[in-house]
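So this first bit is one chain, no partners, the form predicted alone, shown in structure tokens.
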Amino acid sequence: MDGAHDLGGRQGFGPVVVEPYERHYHARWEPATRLLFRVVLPRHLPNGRDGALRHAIERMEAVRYLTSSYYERWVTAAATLAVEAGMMTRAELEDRAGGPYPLSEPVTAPTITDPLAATARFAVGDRVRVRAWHPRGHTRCPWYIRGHIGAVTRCDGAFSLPDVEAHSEHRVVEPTYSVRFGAEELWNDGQAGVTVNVDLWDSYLEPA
């Protein structure tokens, strides 16, 4: 889906701040979020569904997403998925939280009941175009490459397609590729010779 989370290629958000001796966690509650997603929620979600976690984060209200820390987004997603899976009601959540608790927006994409697997259609050197579409559900295809042409530089094997994983009890394994794009093709900004490689699933692509 298109949303505030998809920041690739966007400008105006300031520099990326890199901590020279970055800690794994900045607060004592943060490690508990990993426990939620590795132990508790997989028991209640089909497939464990890493895609569902990402989609719950994507569905956060834009301002809240942009002003939340990494693990604050995880906690919001965990609370959202717990309520949606029937592990607790929103009233029970807010009673334990001591007040109103903002959840992510509802899912708008339909459940996928009969997914189709793609076969490997491309090889190294093939020119491909990224599909120009705007799905309502989860996708790992960045917005800024959609509709643009690149070349396959590597075939990386087959992996579970997140677009299905987030919206289905099934899994579909698809071939993946590393695709190289010219910066001039993506942004038309005069950066001759500058390239960007993006890892993409087969169903995101079509022959150029």
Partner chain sequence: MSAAPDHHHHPAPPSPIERRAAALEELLTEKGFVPEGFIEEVNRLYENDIGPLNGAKVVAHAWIDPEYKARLLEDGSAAVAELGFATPEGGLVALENSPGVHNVVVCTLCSCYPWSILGLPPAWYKEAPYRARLVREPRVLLKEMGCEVPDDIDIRVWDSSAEVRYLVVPEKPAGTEGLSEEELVPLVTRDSMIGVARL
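Given the structure is predicted, the values throughout are model-derived calculations rather than measurements. Between two forms, the rigid core is the largest collection of C-alphas that superpose within 1.5 Å. Numbering follows the first chain given and starts at 1.
Another form, the form predicted in complex with its partner chain, is not on view; read the next lines as being about it.
Undergrad: How about Gly193: is it within 4.5 Å of its partner chain in the predicted bound form, going by heavy atoms?
TA: Answer yes; at least one heavy atom of Gly193 falls within 4.5 Å of its partner chain in the predicted bound form.
Undergrad: Taking its partner chain as it sits in the predicted bound form, is Met88 near enough to touch it, meaning that at least one heavy atom pair lies within 4.5 angstroms?
TA: Output for Met88 is yes: heavy atoms within 4.5 Å of its partner chain.
Undergrad: Can you work out whether Ala97 and its partner chain are in contact in the predicted bound form, taking contact to mean some heavy atom pair no more than 4.5 Å apart?
TA: Close contact exists here: in the predicted bound form, Ala97 approaches its partner chain to within 4.5 Å, heavy atoms only.
Undergrad: Considering non-hydrogen atoms and a 4.5 Å limit, does its partner chain approach His148 in the predicted bound form?
TA: Judged by the heavy-atom cut-off of 4.5 Å, His148 is well away from its partner chain in the predicted bound form.
Undergrad: Establish, in the predicted bound form, whether Val17, His24 and Arg38 all lie within 4.5 Å of its partner chain, using non-hydrogen atoms for the distance.
TA: Affirmative, all three are within 4.5 Å.
Undergrad: Using a 4.5 Å heavy atom cutoff, which residues in 1 to 20 contact its partner chain in the predicted bound form? It's fine if the answer is none.
TA: Contacting residues: His5, Asp6, Leu7, Gly8, Gly9, Arg10, Gln11, Phe13, Gly14, Pro15, Val16, Val17, Val18, Glu19.
Undergrad: When the two forms are laid on each other by their rigid core, does Glu19 show a Cα shift of 2 Å or more between this form and the one not shown?
TA: Passes the 2 Å threshold, so yes.
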